[in-house]
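Read the single chain below, which is given as structure tokens and is the form predicted alone.
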Amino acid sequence: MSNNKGFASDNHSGVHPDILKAIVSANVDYTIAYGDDEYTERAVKKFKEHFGDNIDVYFVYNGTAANILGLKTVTHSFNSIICAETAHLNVHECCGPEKFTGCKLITILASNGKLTVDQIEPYVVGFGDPHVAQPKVISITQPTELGTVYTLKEIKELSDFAHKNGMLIHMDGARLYNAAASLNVGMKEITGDAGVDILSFGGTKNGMMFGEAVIFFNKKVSKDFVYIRKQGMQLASKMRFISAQFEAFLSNDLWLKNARYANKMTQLLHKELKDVPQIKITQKVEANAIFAIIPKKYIIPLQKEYFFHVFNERTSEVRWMCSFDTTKEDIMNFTEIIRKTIAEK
């Protein structure tokens, strides 16, 4: 396989230099473990600057844990969780949500990855019926797994509907910063201010080495998370090395600069490819992902040069992603190889 960076995922990117410096700076002498340290205290303050004072925030190692443990905290095994068919919860967490929450996942086909009230309403039934899974959470992803972005209005409509029916809104925000950059709004505006109750907030896809956060805007439902996190094997002993990263990540607009840059590179890639007749862009390009259908015969030769994932083998749909360290040169070289491969075949 080529040594080129590839466009498979922003998870494949390296660590931002400012994050590395923060880790090294935290590697000083002894510090109290399990989050009772000054680094974690400062990181929590940073989260409150961005998401408001009236939140509870907890750190975990990875996004799967953030999603599952956040949901487990607010559900019982007789509940149901409604999500898009393409949701990470449903596709890429190896039945973890079902195993650890015991809940039924109700998946809805959403051609653009975004759920609507009209789609959800038929499944919000059976309250009080002991024969029926009790609807409890609507889980949405921002941006979606198809790279599209919920507007503020769309999130508010979903949260208003959920709360009207005694339900909660969970947001998988593994790439929340890309959505905020796309909409040109603050992260609080499209989460807590829009009615989100629980947020899984990512860092590794935008320059961090490891670490995610679970944010509860509804503090009434977070009181047991400290125990659930420990049972879920996600209480980091040397938490300072997660916390120091988040403090740097949320300082000096690093999160926003990285996200804006990744989005900008994605728009450049889109511009270079949208007029290639053999390529069909299938979704709006709103964050840092491009979904496209290309003839199967081109995929393997291209993957050898710049690796990327096939999203749907049946339709030959692929996903190309940019990150904070994608360069213009990467994109121009990749698009040149695409044109050359198409011409040769």
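Computed from a prediction, not measured in an experiment: that's the story for all the values here. Quick note: we count residues from 1 along the sequence shown, nothing fancier.
There is another form of the same protein, the form predicted together with a further copy of the same chain; it is not shown, and what comes next is about it.
Distance criterion of 4.5 Å from any heavy atom to a further copy of the same chain in the predicted bound form singles out Lys99 from the list Lys99, Lys153, Lys164, Lys219. In short, of 138-146, 185-193, 249-257, 99-107 it is 99-107 that has heavy atoms within 4.5 Å of a further copy of the same chain in the predicted bound form. Put simply, Arg314 is close to a further copy of the same chain in the predicted bound form: some heavy atom of it is within 4.5 Å.
Among residues of the shown chain, Ile331 is not one whose heavy atoms approach a further copy of the same chain to within 4.5 Å in the predicted bound form. Shown alone here, Ala133 lies within 4.5 Å of a further copy of the same chain in the predicted bound form, counting heavy atoms only.
For the chain shown alone, Ile293 is not a contact residue for a further copy of the same chain in the predicted bound form, no non-hydrogen atom being within 4.5 angstroms.
Residues from 221-259 that approach a further copy of the same chain in the predicted bound form with a non-hydrogen atom closer than or equal to 4.5 Å are Asp224, Val226, Tyr227, Ile228, Lys230, Gln231, Gly232, Met233, Gln234, Leu235, Ser237, Lys238, Arg240, Phe241, in the order they occur in the chain.
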